[in-house]
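Before any questions on how it binds or moves, here is one chain, the form predicted on its own, in structure tokens.
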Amino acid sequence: MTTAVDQPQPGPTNSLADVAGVRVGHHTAIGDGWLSGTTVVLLGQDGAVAGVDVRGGGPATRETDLLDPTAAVERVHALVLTGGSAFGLAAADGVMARLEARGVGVQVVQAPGPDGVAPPPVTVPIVPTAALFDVGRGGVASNRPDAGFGAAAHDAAAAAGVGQPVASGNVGAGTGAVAGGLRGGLGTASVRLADGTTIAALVVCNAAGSTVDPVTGELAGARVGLAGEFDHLRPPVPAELEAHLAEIAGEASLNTALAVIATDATLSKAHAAKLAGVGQDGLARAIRPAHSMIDGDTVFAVATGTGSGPDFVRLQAILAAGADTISRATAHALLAATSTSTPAGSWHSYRDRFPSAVGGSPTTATQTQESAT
């Protein structure tokens, strides 16, 4: 007989920060034509083993080729998720500059010059980056993240306390997010398995597809919630669902869902790549459709290696938990989002569009995560 004690539980903050050594920072710009931002995930002085899976038809990415298991670099030092489409990839420059100044990166030894003296090694931080399309949603299309955004988000992450809850909702890369006609955002979740392994995810939901079940109006990602996590939700009344479906009929936009899965387990690059790939299944369960030609869906996976390496059975448990955690984080992103209006348009949050669906009191971990915005 399985008891509540035996069931998987969220970490202390139900966020990416529950994986030791991982810190998250945001830089957010709202108003004066702005509705965008950047999120940085710092992975410590020595970095972490990482993999990636890119399935959207319109990705905007940087340094993802280095995460191929056959590439030379074994560890990455930070990840950047940002608004601004391909223009926003410039945010990584600010993160690299900050890391280089701190001596964090791969030490590249240079050949001796004509005088036989070798110059000092060059520090090259490895900072894979992915961007979503939110261009112009604040009203001014030329307002988009740059190196200054990356530097500011890096500084916020570096200043974050150990185990500090990750702010969610319309912050950082989730500032200008829209998901299936609703206000999108940034969400996060974690789980601690029975053996002590922690798996966590952070999702920026900016999807062309819908996060809402078209029959019931429920958030699809909430279906794999942990015990008590989404007990404050219920199916909305039919009139709210009918109004939502009528409002979004025929809508289409350029979008992208971005995600990071982190674990304290020790994984190879190949296993990290597999974790990222299975994480895409978590997106597909929470967003319908996912991986379309107008999405740039990208999932990173990082393993800090403070825990032991898994055997075959334990690896399967980590993969399954990674996918479910992404689905849960997607639901939290929608619940933490707030309605907004700009010169470019107006977007309802899930809570405002479906007020009858949200009631009662969420679990302590969920309250902590959603109130950190």
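Numbering starts at 1 and runs along the sequence shown. In this text the structure is predicted, and so the values were computed from the model without any measurement.
There is another form of this protein, the form predicted in complex with a further copy of the same chain, and it is not shown here; the text below is about that form.
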property: Any non-hydrogen atom of R137 within 4.5 angstroms of a further copy of the same chain in the model of the complex; result: yes
property: 4.5 angstroms heavy atom contact with a further copy of the same chain in the model of the complex for P121; result: yes
property: a further copy of the same chain contact at R144 in the model of the complex, heavy atom, 4.5 Å; result: yes
property: L66: touches a further copy of the same chain in the model of the complex, heavy atom cutoff 4.5 angstroms; result: yes
property: Location of a further copy of the same chain contact in the model of the complex, chosen stretch of 214 to 222, 105 to 113, 270 to 278, 231 to 239 [non-hydrogen atom, 4.5 Å]; result: 105 to 113
property: Position in contact with a further copy of the same chain when the complex is considered in the model of the complex, options A159, V162, A194, A72, heavy atoms within 4.5 Å; result: A72
property: The unique member of A90, A152, L226, V171 whose heavy atoms fall within 4.5 Å of a further copy of the same chain in the model of the complex; result: A90
